[in-house]
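Just the one chain here, laid out as structure tokens, in the form predicted alone.
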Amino acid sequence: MAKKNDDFFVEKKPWSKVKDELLGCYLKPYVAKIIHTRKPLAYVDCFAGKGKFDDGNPGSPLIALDIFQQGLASTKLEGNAQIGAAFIDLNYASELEKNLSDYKGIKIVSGKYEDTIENLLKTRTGCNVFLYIDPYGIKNLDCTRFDQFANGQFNTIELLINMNSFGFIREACNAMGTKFKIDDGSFFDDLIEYDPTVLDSTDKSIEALNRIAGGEYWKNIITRYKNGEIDGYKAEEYFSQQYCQRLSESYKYVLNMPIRIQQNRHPKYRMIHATNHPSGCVLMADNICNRWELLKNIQNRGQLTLFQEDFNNQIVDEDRITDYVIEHFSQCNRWVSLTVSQAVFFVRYGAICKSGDIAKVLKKLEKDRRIEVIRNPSQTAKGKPSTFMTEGHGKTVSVKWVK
């Protein structure tokens, strides 16, 4: 059994700050949007830890709860806005309760995520559900359980998953009798897990990897790596892509977000966002882009950065974005919602730009009569033709490519 790192919560590491920045920056607009569905929000932090690091830095529970308080305070829906937050942890429930004592109406669950999550969600029918899944080790990431979540009778559901993809490749190599090597000998020093997953070449380990991956596709990747056809970085890239494809069997919109330690370097791990709701996907993509400056400040201190290139470390400029938009929307030969088409764009190309950047290109294409646009309402309050290229707040946009 792997040794737990008991000093894990002594100091908040830079990579942990990036994960929580991404969560917090997304939750702010997410809560503002979800409150107006007039359906309760059920938020679950599945591996909550202590709630606060020993150095005083807030953990994900405190970050989320502060955002919920702000969101409820700013809403005009009076008693109609409801947020129920639950925090699961096996080892630190007592510390968690102490650190969250200022917040009322929350639920702290002492136990394992895999043993408690179904019971927590079974009474959440009709709710908006958000699960933050930042596990202590990859063994907790059972893909079939994510399938079950998607099939729940919820109003909406979103998952934000921290996938230690290199950790998976390393253990998959162990299970298939080969050694995982990459050119950076200190690569794993930045990714210390609280409860590391250590697997060996047994049928039990193979079964565990199949559950995590949601299938056996990973075996071919490791075989190719073992045979020298691909290096370790390509093996991680292929696994991440196919993992997202597997999740897309249950979730229409899956974003794969590589997190890098330094610019122009390989990603250290992946944050995966999965939902069946296009507006959530677009909101997450915008969140990544809008918060770039905030995350860049962390990188400037010699620590971490969220990507500014695409998945192949290529700079994405305006011309390339225009090419991608044309490539994507030229396939819209039937009327399609703007939000849906943008969500599919981000799934296909990644969060390489904001939805507003796509809208700019579309407006030019509309002017050039290369796309048709239907807006509702079609006219402004002053009787002029509508020109908006965003949806929400009673506005809808449908687009179609002109053949």
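Just count from 1 along the sequence shown to find any residue number. These numbers were taken from a predicted model, which means no experiment stands behind them.
Unshown form predicted in complex with a small molecule; subsequent notes refer to it.
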Tell me which stretch of 331 to 339, 53 to 61, 374 to 382, 33 to 41 has a heavy atom within 4.5 angstroms of the small molecule in the model of the complex.
53 to 61
Within 4.5 Å of the small molecule in the model of the complex, heavy atoms considered, which of 27, 362, 353, 46?
46
Please tell me which of 92, 166, 239, 149 lies within 4.5 Å of the small molecule in the model of the complex, judged by heavy atoms.
92
With a cut-off of 4.5 Å between heavy atoms, is residue 134 one of the residues that contacts the small molecule in the model of the complex?
yes
I'd like to check something about residue 114: if you look in the model of the complex, is any of its heavy atoms closer than or equal to 4.5 Å to a heavy atom of the small molecule?
yes
At 4.5 Å between heavy atoms, is residue 20 in contact with the small molecule in the model of the complex?
yes
Give a yes or no for residue 175: in the model of the complex, does one of its heavy atoms lie within 4.5 Å of a heavy atom belonging to the small molecule?
no
